[in-house]
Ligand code: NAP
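Listed next as structure tokens is one chain, alone, in the form predicted alone.
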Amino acid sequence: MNKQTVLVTGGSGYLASWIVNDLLELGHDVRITVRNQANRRKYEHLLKREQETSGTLTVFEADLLREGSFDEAVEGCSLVFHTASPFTIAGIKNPQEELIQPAVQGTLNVLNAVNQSDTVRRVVQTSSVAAIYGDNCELKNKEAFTEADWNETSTSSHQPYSFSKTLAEKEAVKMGREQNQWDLIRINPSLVLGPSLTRRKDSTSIAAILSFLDGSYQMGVPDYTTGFVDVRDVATAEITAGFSESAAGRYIVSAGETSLIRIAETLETIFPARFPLPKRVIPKLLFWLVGPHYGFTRKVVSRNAGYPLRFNNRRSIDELGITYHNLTEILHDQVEQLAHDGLLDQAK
């Protein structure tokens, strides 16, 4: 793989850090954007990795909502990984400001910078399976969701995160079709889990597992099914898609599906009697009643609890060559990382 100049937006994030890490190991000239360049604590782990690898790292400051702020970082790059976008599921007070505007305007600002550059040949956008479906009940009689599906039910008031990802991906597709300088690859992961390269706990993916470990769900979990995937596998898929000449279009990146109670049971098997894990499934009616207390609307509960979910991940396996970590490996490595970094103080 020839050395290239590559940009990763939101480069200090949970997934982005793994992409940057792997690019540095491959010896590339890696640029990242962060919201505050003066806050080195957010990306010092990447500066350390630069010293340990053959790659180089340059940090730029950029804001998803500020027009033109990505221009300098993009200029001279051949490949752009656009990962920067808010990821919040529950407790959203202003969906437009917290999710939709940053996701959509950020995509516009990054791709406008790409259009002004004469060097970029490919953009890899981190989308989500949330742009493929809105609620579990939509699977209906389908065998599985595929890359041909689009989320047509989410709105700013119902599943606003899913709505933001759908709008952002559609905007990227539209802009891609309006030019012929660069091509667009979209990576659509399910719930991303696995070890982090930082000690930060502000990632929704990390907070989700901590909620199992610290007793937040000790009284039980709803009958809810979600896709899952290891963060390292998503990074591999992104990089492979970025450099593979044959890669094209959209890729569901998901290792499989799991229920919340299966996550708890798997954690108990790996770490017996170590954490106050949930032992039972909460009846749907009860979850419907208490869901709003945990940030889940009753409509979300009604359309998701008790419904199956399946994704077809064949394109990622056949075309990107992904060999997925299984749930046991993912959870083992994530908990070990959290323990190593001292982030389990409240999880007894």
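One rule holds for the numbers: they count along the sequence shown, beginning at 1. Because the structure is a prediction, the values reported are computed rather than measured.
Separately, the form predicted in complex with this ligand exists; it is not shown, and the next lines address it.
In the predicted bound form, none of the heavy atoms of V30 sits within 4.5 Å of a heavy atom of this ligand.
The closest heavy atom approach of S203 to this ligand in the predicted bound form falls within 4.5 Å. Contact annotation: R35 falls within 4.5 Å of this ligand in the predicted bound form, judged by heavy atom distances.
Residue contact with this ligand in the predicted bound form: Y324 places no heavy atom within 4.5 Å of it. Although this ligand is omitted here, in the predicted bound form all of G10, K42 and S127 have a heavy atom within 4.5 Å of it. For the options S117, S78, S162, S85, the residue carrying a heavy atom within 4.5 angstroms of this ligand in the predicted bound form is S85. Checked against this ligand in the predicted bound form, the candidates L260, L191, V104, L213 yield a single residue with a heavy atom inside 4.5 Å, and that residue is L191. Stretch 60-68 is the answer when you ask which of 45-53, 294-302, 60-68, 311-319 has residues with heavy atoms within 4.5 Å of this ligand in the predicted bound form.
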